[in-house]
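Before any questions on how it binds or moves, here is one chain, the form predicted alone, in structure tokens.
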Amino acid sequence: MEKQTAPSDNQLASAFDLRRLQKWMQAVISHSGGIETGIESEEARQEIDVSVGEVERIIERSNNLTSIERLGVYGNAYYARLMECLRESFPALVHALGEEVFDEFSFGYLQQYPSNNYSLCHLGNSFAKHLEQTRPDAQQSEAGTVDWPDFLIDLATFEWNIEQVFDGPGVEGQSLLDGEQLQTMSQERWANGILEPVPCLRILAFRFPVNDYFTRFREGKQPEIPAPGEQFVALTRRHYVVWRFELEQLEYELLQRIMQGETIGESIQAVADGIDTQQEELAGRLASWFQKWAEAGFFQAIKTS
């Protein structure tokens, strides 16, 4: 009669299919509470129901490391890679904070907002929000005041929008609305027209001149945190390059209304009603703005309401 032996740990581990093992390991090494908390988490135990004390059934210890320590190597590498990705997405913010402080913020961010998408394109979605929630002067700052944490939040918002415009949908290879088409339209069609913005167009308002700061950083000039000052910026993409355009406040307000779906006539009238400017002066500014927008490829088409 053949002698029966108990299955080895390797045989136990191999009994689990690869997909379950991968999902278990992902749940363990990515858990914000650490490896042991990850092993005991519901997500991990739904895949492989083992406790911390039983984990050697799944991951063998080595000569120098326990099973927990071996998993910890992967856990550390996982977070190191995500933090590296965040540094690549926010290079100017890394300069403003310093790499060590930035890494502290980014590690805390990953604990609060764990990566839950297969694509790293969404990794920094809530980073500016995290800076707002963890700002060091959150208890002391008065409503309406603007201070250096607001600059960091603005800069994070600015850099993430650049990243999203670059990675998002564009209009490469498509025809766009140009200045000549606008000039040849009848006055009625113009007034009742609704401009269709390109999908990569974003307009942003900031409390600090972050576009100037970013430009100096890209030029290698080691900029310092600037004084507060409103800045309005449009971002778009042409030929897979992100372009940045500084806007006047009135220009920003007009673009905002147009992008919300108002007709050109309604948008201009609403903006004109809120300012004390001669009609001739406003007409000249409008002509200049529309020409700039057309040359920059802000709009795909014009529809009649």
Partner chain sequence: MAEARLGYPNLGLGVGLRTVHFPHILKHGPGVDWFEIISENFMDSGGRPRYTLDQIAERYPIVMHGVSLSIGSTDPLDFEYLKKLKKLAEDVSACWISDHLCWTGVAGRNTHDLLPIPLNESTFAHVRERMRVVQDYLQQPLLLENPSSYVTFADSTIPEWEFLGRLVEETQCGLLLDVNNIYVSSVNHDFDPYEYLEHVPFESVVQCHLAGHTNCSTHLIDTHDSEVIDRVWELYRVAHQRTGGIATLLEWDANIPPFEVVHAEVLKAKQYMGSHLPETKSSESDRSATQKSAVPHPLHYVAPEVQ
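Positions refer to the first chain, counted from 1. Since the structure is predicted, the reported quantities are computational estimates derived from the model, not experimental observations.
Same protein, other form: the form predicted together with the partner chain, not shown, and the subject of what follows.
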Stretch in contact in the predicted bound form with the partner chain, which is absent here, among 223 to 231, 156 to 164, 126 to 134, 92 to 100 (heavy atoms within 4.5 Å): 156 to 164
Residue among Ile203, Val198, Leu82, Leu177 with a heavy atom within 4.5 Å of the partner chain in the predicted bound form: Leu82
Non-hydrogen atom within 4.5 angstroms of the partner chain in the predicted bound form for each of Met25, Glu56 and Pro114: yes
is_contact(Pro149, the partner chain) in the predicted bound form, heavy atom dist at most 4.5 Å: no
Exercise: Leu21 in contact with the partner chain in the predicted bound form, heavy atom 4.5 Å: yes
Partner contact for Gln279 in the predicted bound form: the partner chain, 4.5 angstroms, heavy atom: no
Ser62, heavy atom within 4.5 angstroms of the partner chain in the predicted bound form: yes
Residues in 231 to 267 with any heavy atom within 4.5 Å of the partner chain in the predicted bound form: Arg237, His239, Tyr240, Val241, Val242, Trp243, Arg244
